[in-house]
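Presented below, as structure tokens, is a lone chain in the form predicted on its own.
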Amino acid sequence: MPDSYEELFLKKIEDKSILVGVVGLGYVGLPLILSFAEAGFRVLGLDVDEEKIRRLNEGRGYIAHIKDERIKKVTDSGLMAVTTDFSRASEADALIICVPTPLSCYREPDLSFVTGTMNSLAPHLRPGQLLSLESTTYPGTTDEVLRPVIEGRGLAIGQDFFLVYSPEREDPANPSFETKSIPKVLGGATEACAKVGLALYGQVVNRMVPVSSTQAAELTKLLENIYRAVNIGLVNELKTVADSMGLDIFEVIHAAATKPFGFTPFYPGPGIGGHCIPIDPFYLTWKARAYGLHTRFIELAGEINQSMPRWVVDKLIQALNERGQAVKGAKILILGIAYKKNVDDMRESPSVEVMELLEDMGAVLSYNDPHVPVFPRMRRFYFDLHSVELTEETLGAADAVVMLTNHAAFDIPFIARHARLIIDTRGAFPAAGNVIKA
């Protein structure tokens, strides 16, 4: 009796003859494809960005925390091929989709990258393949959006084709965790789908966490990020309360964090950024409306977090007013424009919203970010600026220095000595006469 597609797939994993395809070579897809190649598997990378493909073929990267040495080692091994030619998807035994899932201008799910990818892959799907979606999305996406495309090709899910959802859990620039050490959740469209999916990912991840369905896996990812969004919203609101009382919220959080149980510290800032926290909660609120539900708690946290850039600007305006200066014409030096410390990722960065508000008020802007030497072109924002050097002269010339992203490279004592006024949104500076907590 011939082997089933399930048995053939598992054999290919065992003898490492399987070819793993990754679609979308960004902050999620690139470390994933490198991990499979480093584990000895042949890999195929697919991306529409010709510049990314060119750099990878030269053994060079484009994400700050993924070093060129790692990419070159994989490139030189001969295990990795990367291309913009999606017709080569038929060569892959596994196809893992790692494309963005942003919000529309109406703050509703924008699945255009997912649907566009599926349309590109559809003609090249064949029996015996596994398709995995890693992009964060609402419960039901894998079953409602991906499954019909596959079945439209005459393929039977769980028999001659396998479909799973396994959400990404990357934390760029976190030295404590990498792809291999972060437990990975996976839900299959059928038991057979889950079995082959767990076997595949288990080659590069130490611990797999199976759940009962693709929908359960999709909701798991949303819960993780909603948990963070809500708690960040809580401390951002408490920050405004503490400020009104003349208290330092960072001192209070550090003290509360000494409790060895029942408390997890979250820290306030100028807003929330990255591709997950500002976006993912709204995927669930949108889906919940289909069930006649209103996710008030989640939406309130979103409103609080979205109000933080304005609150920071108001603190700056107040501080300048107390010094007899208007924000119009004021020289404002921004420290950190990436969305989090020690990365070059600008997605949904609250720093950019602060900059837009200040520019609209007539401020003269400059910035320093050791990870973003030139301001990139973004979908919503653009400033014709480059990172200025932090010197006594540049700091002293600024009417205010606004700390928005606390990169480790910043010399805090040096900045504190030479800046006339510091608006600190990250609790990075000790209390001083020229420091305003925001």
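Residues carry their position along the shown sequence, with the first being 1. Note that the coordinates shown come from a computational prediction; the quantities given were computed from them, not determined experimentally.
Just so you know, the form predicted together with a small molecule exists too; it's not on screen, but the next bit is about it.
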property	result
Region of this chain that lies against the small molecule in the model of the complex, out of 354 to 362, 209 to 217, 165 to 173, 293 to 301 [heavy atom, 4.5 Å]	165 to 173
is_contact(V372, the small molecule) in the model of the complex, heavy atom dist at most 4.5 Å	no
4.5 Å heavy atom contact, A397 and the small molecule in the model of the complex	no
The small molecule contact in the model of the complex: H275, any heavy atom under 4.5 Å	yes
4.5 Å heavy atom contact, F113 to the small molecule in the model of the complex	yes
All of D47, C98 and R347 within 4.5 Å of the small molecule in the model of the complex, heavy atom check	yes
One residue of T179, T240, T136, S366 in contact with the small molecule, assessed in the model of the complex (non-hydrogen atom, 4.5 angstroms)	T136
Proximity to the small molecule in the model of the complex, single hit among T117, S132, N236, Q129 (heavy atom within 4.5 Å)	T117
